[in-house]
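The chain below stands alone, shown as structure tokens; this is the form predicted on its own.
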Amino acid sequence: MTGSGPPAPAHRAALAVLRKDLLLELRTLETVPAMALFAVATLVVFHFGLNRDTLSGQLAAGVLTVTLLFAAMLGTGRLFVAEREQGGFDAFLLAPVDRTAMLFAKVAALLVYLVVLELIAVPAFALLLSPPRLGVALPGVALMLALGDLALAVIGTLVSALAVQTRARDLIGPIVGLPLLIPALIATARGLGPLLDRHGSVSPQGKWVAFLALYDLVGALIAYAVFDFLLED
């Protein structure tokens, strides 16, 4: 049951929640530094575990995609913790605002976290594993990562909203989220592979760009359709 009065515009409510999340992260530094540290540590493990100074092609793409995925899981796991522990869900449900505003705000917040993560992880990836032609193919890499980030943000937000309602939220998030993200992860890795190959292209293949764009669109529509019910439950 919502409060009295007409609902506030969704974009204003979303911006207010987004601003609150970003300010909270700036004050506490709980999520993004942990994600970045995890990503860098994972890349160090790959560097010494594979005993190679250079990776290229699909192997390099797989290492980068997996590293970013598991670092992102740390961010999705804490996305709704403050609302759950401090009564933010109840206050939001009682406020005269469109409930999907929280969905937009959390997706945007997670996207910001992922961009900051990649600003740290991609240079570390280049330093530790030296993929050939990364600089030349950087616009294509950025495009593929942006489409992959949107998939992670939308599905991660949806799964996090479901998982935070349970006691085993640290388990439910990966168990539910990873299978849903497999198509997007495969497409991201396959799209990045030729870009990181010594003799590959400098632009991603159109089929992987189109697949990820379609996946993002379908995921966003599903999240928009079911988010209200997850928030109420």
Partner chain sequence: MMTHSRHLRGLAIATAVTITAALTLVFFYAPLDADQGFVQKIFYLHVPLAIVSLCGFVLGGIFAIGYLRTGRRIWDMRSYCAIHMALIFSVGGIVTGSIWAKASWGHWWVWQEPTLVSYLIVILMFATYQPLRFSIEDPERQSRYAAVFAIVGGAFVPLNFIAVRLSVEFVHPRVLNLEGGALPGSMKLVFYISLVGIALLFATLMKYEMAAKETRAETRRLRRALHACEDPGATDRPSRRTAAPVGAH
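Numbering follows the first chain given and starts at 1. In this text the structure is predicted, and so the values were computed from the model without any measurement.
FYI, the form predicted in complex with its partner chain isn't displayed, but the following is about it.
This chain appears without its partner; in the predicted complex, the one residue of Val202, Val176, Val66, Leu37 with a heavy atom within 4.5 Å of its partner chain is Val176. This chain is drawn without its partner chain; in the predicted complex, the residue among Leu110, Ala161, Leu103, Leu117 with a heavy atom within 4.5 Å of it is Ala161. Residues of just one listed stretch (23-31, 66-74, 42-50, 165-173) have heavy atoms within 4.5 Å of its partner chain in the predicted complex: 165-173.
No residue of the trio Ala124, Leu145 and Ala189 has any heavy atom within 4.5 Å of its partner chain in the predicted complex. Proximity of Arg198 to its partner chain in the predicted complex: non-hydrogen atoms within 4.5 Å are absent; the residue sits far from the partner. Using a 4.5 angstroms limit between non-hydrogen atoms, Leu15 is distant from its partner chain in the predicted complex. In the predicted complex, its partner chain lies farther than 4.5 Å from every heavy atom of Val141.
Using a 4.5 angstroms threshold between heavy atoms, Ile155 counts as touching its partner chain in the predicted complex. In the predicted complex, no residue of 34-49 lies within 4.5 Å of its partner chain by any heavy atom.
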